[in-house]
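So this first bit is one chain, no partners, the form predicted on its own, shown in structure tokens.
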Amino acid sequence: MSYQLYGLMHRGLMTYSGKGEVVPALAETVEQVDSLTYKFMLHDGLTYHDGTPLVADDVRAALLWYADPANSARSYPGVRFIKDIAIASDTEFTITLNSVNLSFLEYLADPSAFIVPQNQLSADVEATNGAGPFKLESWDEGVGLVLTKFDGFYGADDVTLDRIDVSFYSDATARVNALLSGDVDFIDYVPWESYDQLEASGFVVHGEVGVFQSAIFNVETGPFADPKLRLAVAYALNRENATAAAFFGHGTSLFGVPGSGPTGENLWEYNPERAKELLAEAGYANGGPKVHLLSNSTYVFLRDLALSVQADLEAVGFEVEFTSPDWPTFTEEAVAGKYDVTVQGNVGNVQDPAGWLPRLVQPRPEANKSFGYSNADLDAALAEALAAEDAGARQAALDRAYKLIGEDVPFATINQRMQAYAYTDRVSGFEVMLGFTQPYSVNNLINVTITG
């Protein structure tokens, strides 16, 4: 199940409000005692959907499981800072960190940081018994599921829907057709080419930018082990064309680190002449090297984005070999570094760049980060920013990190894409969260009213 369904069926200690602000969830109260210590009090009488009590020991077991790197939890970058969880009672406990992390509570709000019975803490078990606003009534795997309101939810009085029927569709066209035909009232991941059609047909199309796309590199072997050639790519990318080609113009160009402010958002520019100069400085005055651009045939927008990148690279002198296998093959090849450059999407776990950037630039084999990249100075600057308690020192450390990213180019950002939901006029009260919380907006279905 996706984190969108987890957000309906589960809850963690914290969650996001309708506007995307971090607020207490299973925790009725949270007190930051000092920079390393957080004291939590759970709501009285919490239970899972099957009636089993939810107690502090469950919280401890879940958070420590997520903090184990062997479990590859999405919330790991934040919960790995946990040093100790001291339990005072079934409803009261204190978490002590081993280092300051200003984003710690936001990591606890991630929909994947939910609390479940300890027998569900396994990669082999589907976590369906939660403590969230809706419980699983039935599940037809691959077809759909039915969720019904959980009356034992701590905020049940504020949940306006009694039932949600979820249907799975194989592709974007099928989702759009289901909405147009009246089979469903609400769809997510509206294809960009359908925005105008749906609006013209009387549906609400509501979205925000969040996920960002980048060119990422094999820096271990091949031409892009040379940072000058990575920098050449950053200057060669025509981001406006890329947004038009892949997202029908529904997005914004990126020339640096999203959400980083003036010192981090303007690291590069579209300057193909500068790209050619860098190629010459790297020893390719009479034409660039041959590079393998890996894409995939499953996600058309990523393929179209990669084709735009191919045209940009060829325009400044690179010779590009383009391959586009299916998604499983692409993922296998990307994790193994069987490419020179590829295009992938990313979204931060938290809004703070000091919190999410380390995962994108530190060595860990993932398909959506540059293969083999490592920079000790960059790691140190980000660690200093994350641990800083003084705002000035924190910004100075971040500015050093942005400068290193601009020069060393562990990734070359392209754009942030608009991600939209579409629904009928029977639906009211739905809000779309901003920034990196945008993908969690389905959580706001608890506030929706259906009329007619």
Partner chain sequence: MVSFLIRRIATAIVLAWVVLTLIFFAIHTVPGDPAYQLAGGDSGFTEEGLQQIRESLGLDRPLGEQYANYLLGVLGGDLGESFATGQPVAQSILRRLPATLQLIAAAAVLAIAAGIPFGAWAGRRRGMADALMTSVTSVALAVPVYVVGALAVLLFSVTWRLLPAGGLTPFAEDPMGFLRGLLLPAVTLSLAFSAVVARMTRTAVIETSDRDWVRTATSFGLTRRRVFNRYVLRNSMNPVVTVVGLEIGSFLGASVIIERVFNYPGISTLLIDGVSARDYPVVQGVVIVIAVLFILINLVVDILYGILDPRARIR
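Residue numbers count along the first chain shown, from 1. Please read these numbers as outputs of a predicted model, since none were measured by experiment.
The same protein also has a form predicted in complex with its partner chain, omitted here; what follows describes it.
- Exactly one of the stretches 162-170, 211-219, 286-294, 98-106 approaches its partner chain in the predicted complex with heavy atoms within 4.5 Å, and it is 162-170.
- A heavy atom within 4.5 Å of its partner chain in the predicted complex is found for one listed residue only; from 94, 148, 129, 177, this is 177.
- Interface residue among 84, 183, 377, 137, judged by heavy atoms within 4.5 Å of its partner chain in the predicted complex: 183.
- Looking at residue 367, you'd find a heavy atom of it within 4.5 angstroms of its partner chain in the predicted complex.
- None of the heavy atoms of residue 196 is located within 4.5 Å of its partner chain in the predicted complex.
- With a 4.5 Å cutoff on heavy atoms, residue 72 counts as touching its partner chain in the predicted complex.
- Contact annotation: residue 141 falls within 4.5 Å of its partner chain in the predicted complex, judged by heavy atom distances.
- Interface residues of 323-341, taken as those with a heavy atom within 4.5 Å of its partner chain in the predicted complex (partner not displayed): 326, 327, 328, 329, 331, 332, 335, in sequence order.
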